[in-house]
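Below sits a lone chain in structure tokens, taken as the form predicted alone.
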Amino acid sequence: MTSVYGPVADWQSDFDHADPEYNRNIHAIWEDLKAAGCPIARTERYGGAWLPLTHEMVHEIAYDTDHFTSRTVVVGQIKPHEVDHLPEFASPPAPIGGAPPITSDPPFHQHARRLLLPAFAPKKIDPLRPEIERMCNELIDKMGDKDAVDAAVEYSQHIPVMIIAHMLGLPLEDADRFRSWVHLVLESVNAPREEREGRFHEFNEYLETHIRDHIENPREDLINDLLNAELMGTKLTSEMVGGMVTLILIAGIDTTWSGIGNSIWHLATNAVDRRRLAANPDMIPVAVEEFLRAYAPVTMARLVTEDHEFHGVQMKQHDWVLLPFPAANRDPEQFENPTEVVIDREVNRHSAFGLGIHRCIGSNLARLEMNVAVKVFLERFPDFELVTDEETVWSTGQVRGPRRLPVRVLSRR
């Protein structure tokens, strides 16, 4: 991928979260920054952005909706106020945003959030367990008897796509397109704008086509639920439904895909934990919470609403601020031995699903998918290891997870 910015010169003053080196070496970069006395990094890329690294700072920003707007939560080269005349990049102004409720500010946010909560409540999600188990086993069946498999390409990337496509009523045969749009929205933010414009048009046209089809041919799925819903006494517009579908499609796929991959990567690189969980599957739910803490996939973003002094730095109106929940989860002020992965950690109030009003709506589904995916993988492959002479490829951007994860199967069932 071509970058408009070039290589990073200094992570403290020139960081780029979309540089491949960032996610590949993310924990070492954070530790180096903090050791150098830099709890909040700065870059002039993307028109100016900040990267706070302590739990205190991340928590404070997440709860401060006056100084930090959620109008857009993905850092990009062009900010919303600069591109309101470019519909492929612009988003509706606060308090709505382009993908409500994640892009919404109070008071609108709470009304939009209530529309989606029922679809992701435990009573809706828990019955999906048998289907997810079936999917996971089927994916492993397709791997055959190979000695080495790609746990990302052949396994983790498929599971959330299947579930989200089913919930939305979108065709599963478009799975590759869904993943390509995840890359478009979240990973290619430092690519030249002209490389992205056509893809955004394609994505928007796809959603418009399927929403129109749902209007003409109603069925029982989440898109039709949204089309029939009312917000503050008014039916949702097709544009607002499209924004919510974008949120569910992009966030629902990438975060869980990455969470499953991160978990398997840890087990592939840690024989003690791998064999312990394979022998004690009842430990998996607690271990998954620790994987979520230690390898939290998601970093959100905010825009500064007005010039604002924050912990000694001068933030300017329209600056980006990244919210690295993974860094907050590794703060020694918040967790004992934060850099150590303790799969039976008893106290684990992690922030993997966010903080504040935008805490992840889909956390019940993500947890279920991760628990089932790890359980089935260990059931079928009780012992495996990372293939060290092949590269593990990490995503770029604000969601971190392996995109290629070669593992050698040491035993199977």
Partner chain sequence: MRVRVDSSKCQGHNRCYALAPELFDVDDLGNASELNDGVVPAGLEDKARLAAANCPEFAIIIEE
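Positions refer to the first chain, counted from 1. This is a predicted model, so every value here is computed, not measured.
A second form of this protein, the form predicted together with the partner chain, is not displayed here; the remarks below concern that form.
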Interface segment, criterion being heavy atoms within 4.5 Å of the partner chain in the predicted bound form, picked from 33-41, 65-73, 351-359, 378-386: 351-359
Going by a heavy atom distance of 4.5 Å, is residue 113 a contact of the partner chain in the predicted bound form? yes
Can you tell me if residue 281 lies within 4.5 angstroms of the partner chain in the predicted bound form, counting non-hydrogen atoms only? no
Is residue 289 near the partner chain? Define near as a heavy atom within 4.5 Å, in the predicted bound form. yes
Is residue 305 a contact residue for the partner chain in the predicted bound form, using a 4.5 Å heavy atom cut-off? no
Option touching the partner chain, based on a heavy atom within 4.5 Å in the predicted bound form, out of 153, 121, 313, 227: 121
Within 4.5 Å of the partner chain in the predicted bound form, counting any non-hydrogen atom, which residues from 333-349 show up? 334, 346, 347, 348, 349
